[in-house]
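Just one chain follows, in the form predicted on its own, and it is written as structure tokens.
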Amino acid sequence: MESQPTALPGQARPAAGWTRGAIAGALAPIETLLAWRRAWLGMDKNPKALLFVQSRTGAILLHLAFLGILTRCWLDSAQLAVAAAGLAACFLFPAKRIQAVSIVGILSLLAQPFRDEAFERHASGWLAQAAGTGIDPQLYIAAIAALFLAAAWGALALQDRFRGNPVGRRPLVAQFAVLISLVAAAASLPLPPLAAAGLWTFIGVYASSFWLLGYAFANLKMKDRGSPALHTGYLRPFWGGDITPIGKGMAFLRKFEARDDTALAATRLKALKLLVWGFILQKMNVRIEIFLADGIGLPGLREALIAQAQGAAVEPHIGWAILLTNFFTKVVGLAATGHILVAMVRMAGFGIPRNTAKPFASRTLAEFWNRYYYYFKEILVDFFFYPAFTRFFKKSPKLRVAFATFCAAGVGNAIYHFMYLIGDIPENGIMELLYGFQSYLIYASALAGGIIVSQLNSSRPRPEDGFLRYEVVPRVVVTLFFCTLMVFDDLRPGIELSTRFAYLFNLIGV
């Protein structure tokens, strides 16, 4: 019988039954999978893949694969149709890609006038009150959307021609004045049902395009500004999303446009990779939520708050589990949605940054805020931080940064989210909505305070601090801060502030 090999001094003896060949054979499938992963992640740098995608056959196959995966995501039939039309236009007319986005954007706004669920939900109710007029609701809404497009084009044309007037210098202030005036008129004037339905529909379309219109006004101040008509078509890009402008304004889009065939091929391959990753995250998040609710019976945060109000507080460890899982699924869900939207922009030929990029790697609150929801953060920076930073406290650098940050993460954040509630005014009234908004005001104020401290803190973690203090503790602090804040991150009324504070005290056993 063959004897086992004897180990030399200082050499470990091989385990019985496990030769080098057997170990290599067991690891072969893992090595193959890792090789496939490396090839997948690096395909946008692979010369053969780039050449294939530059061919007409390769480009068509890539688009078909992209659209096939897109049909498995959360988009409805109307969104898919608009997205397919936009991608086809950008594919067929690559030299006129910006114009294609603008033209399909007009069709997108007419087909999907609202981005706010409240307006989508109430539109049929407003029109039902005007029953008996013989007017088709969908045609009426489309006509109001067309009226908004005409009004937006007129405002942009005036801005382009008279840039020196006070309104032209402060277009966002003018926008807020117009929106507030429209809401006040709709909420107070004794309008007939059809006129009220039309006005609220116009407000809904306006609120859904508010920030992109703000970017359009800002872009018209630039040297390479484009025409007002071009910006009007960009008020509802075909890739959709909520009222946060993924891709910001037209100038931002131009900055990331692929300039040659190789860059375009690489951008499209990156789009496919990002779409697949977004699809995986989306399906994974759904499975996790089902497992948490049905598998282990963990309630959602709002359910736990309602139970707290009814005197049935959850155990502290359950309360922390609810916050942690709610935080995780919210971040993953946002990442999945953002990846899918950004992937569509990239497939159109614009290599814009991701909306969410490794947020759990953040070591500071400010870093997390930048990684978590990039395009929302950009709205706050562009429209609130920079205007405050350039005007106030120029002689005090720290106070200047702190004030500008509060204007962005606090005031701007609150204004942005209150716009989601405009559609509920006809049903609930402004005072009830303001009362219910107290919780989010606390959230926005605490968030601004935390980010200010994070920005001004000079003792940030460094690699020489050691693994625990550099890699672990900062990330735990960031996670706990945002988990705790989620108790107040709620726009819906019905839960008192006292209940939310009681939930927090219950987490520490008080």
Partner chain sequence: MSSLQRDRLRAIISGLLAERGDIRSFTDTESLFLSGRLDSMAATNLIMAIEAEFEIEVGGIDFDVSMLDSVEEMCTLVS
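A quick note: this is a predicted structure, and the numbers were derived from the prediction, not measured. Residue numbers count along the first chain shown, from 1.
What follows is about the form predicted in complex with its partner chain, which we do not show.
When its partner chain is considered in the predicted bound form, Asn370 lines it closely, a heavy atom lying within 4.5 Å.
In the predicted bound form, at least one heavy atom of Arg391 sits within 4.5 Å of a heavy atom of its partner chain. The closest heavy atom approach of Lys358 to its partner chain in the predicted bound form falls outside 4.5 Å. Taking the partner from elsewhere, Phe385 is found to have a heavy atom lying within 4.5 Å of its partner chain in the predicted bound form. Look at 206 to 214, 324 to 332, 94 to 102, 400 to 408: in the predicted bound form, residues with non-hydrogen atoms within 4.5 angstroms of its partner chain sit in 400 to 408.
Taking Lys377, Arg363, Lys273, Arg225 one by one, only a single residue has any non-hydrogen atom within 4.5 Å of its partner chain in the predicted bound form, and it is Lys377. Of the candidates His317, Arg161, Lys221, Arg72, Lys221 is the one whose heavy atoms come within 4.5 Å of its partner chain in the predicted bound form; the others do not. Residue Gln455 is the only one in 443 to 466 with at least one heavy atom within 4.5 Å of its partner chain in the predicted bound form.
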